[in-house]
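Before any questions on how it binds or moves, here is one chain, the form predicted on its own, in structure tokens.
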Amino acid sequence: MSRTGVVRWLSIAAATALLGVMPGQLHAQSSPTIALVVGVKGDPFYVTMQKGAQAEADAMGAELIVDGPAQFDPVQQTPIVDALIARKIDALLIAATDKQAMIEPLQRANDAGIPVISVDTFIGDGDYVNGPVTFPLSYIGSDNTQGGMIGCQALLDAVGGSGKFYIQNVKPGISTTDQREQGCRQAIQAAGAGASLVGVDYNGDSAATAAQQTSALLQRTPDLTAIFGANLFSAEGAAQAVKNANLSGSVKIANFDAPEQAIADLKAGTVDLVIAQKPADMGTTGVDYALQAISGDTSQIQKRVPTGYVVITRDNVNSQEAQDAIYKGQ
């Protein structure tokens, strides 16, 4: 589970030397304080992101504070941001839980002189150069439209390029899962008349709700071909419904995100492919960018940093690349 992490400091001279800046260019305090606010505590994706961030903070001599809401909810995330502003942290990395509702809280951080960097999710439309929201220094995360296309194209390839497809999603308004749905839709549309999208449901990040919705869909569409789960709980619930209907193997399922449970489901035949992001890379780059911003030099900070994917199947699950991509829960 994500926890507040305080790393052991190197001297400020060592930290700044590694950054390529002179001592004193960072804040006058002895060690910069960076906060990482995750989307939800305890999620293996964010635990893996925290590990990447903590390892880099440790190497660079920075203090890392990690916090996040119990649920992926802007109402719960906003007071965490406000408390960090009051604490006068030096930089904020955040996986915003809503692309609109979190604009105002993050604007308050920016107005307080705290550099804001998006990790995993974005605010506004994610275009921090020309979009409606430009104050965040960078958006570090997967190209989720591409990820949705990769996932649904893999499903299409697995079923011969045609059939009836269904999307299980979380809720509208989350930047990442909105884009995954969009990418999946695009892949199905591009496949031609032989492939059709028969439904999209939103489960509120509940596997139980996803299972109920998928069961209802299977009753309406008994010849369903494949399901795209936009996140872990979406895929888990869908897989349970498919199993209950004795259709495991007949209805292919893609699981977006790669915690250890998803890999166990893959090996057991409950799901058929897993799309892994690279959350540790997001954390590492986020800390690097935060320290550059604290030093006063933002010239090397890119406004958009895509971090890529690994598609894991039963054929390649034991490869080193796939094993390295699995999210660790502890």
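Predicted, not measured: the structure shown is a model, and the values here were computed from it. So that there is no doubt, residue numbering starts at 1 and follows the sequence shown.
Keep in mind that the form predicted in complex with ligand T6T is missing from the display, and what follows is about it.
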{"query": "Ligand T6T: the contacting residue among 232, 188, 251, 92 in the model of the complex [heavy atom, 4.5 Å]", "finding": "232"}
{"query": "One residue of 121, 77, 138, 203 in contact with ligand T6T, assessed in the model of the complex (non-hydrogen atom, 4.5 angstroms)", "finding": "121"}
{"query": "Interface segment, criterion being heavy atoms within 4.5 Å of ligand T6T in the model of the complex, picked from 108 to 116, 128 to 136, 240 to 248, 173 to 181", "finding": "173 to 181"}
{"query": "Contact label in the model of the complex: residue 272 to ligand T6T, heavy atom within 4.5 Å", "finding": "no"}
{"query": "Exercise: residue 72 in contact with ligand T6T in the model of the complex, heavy atom 4.5 Å", "finding": "yes"}
{"query": "4.5 Å heavy atom contact, residue 285 and ligand T6T in the model of the complex", "finding": "no"}
{"query": "Exercise: residue 277 in contact with ligand T6T in the model of the complex, heavy atom 4.5 Å", "finding": "yes"}
{"query": "In the model of the complex: members of 44 to 78 within 4.5 Å of ligand T6T, any heavy atom", "finding": "45, 46, 72"}
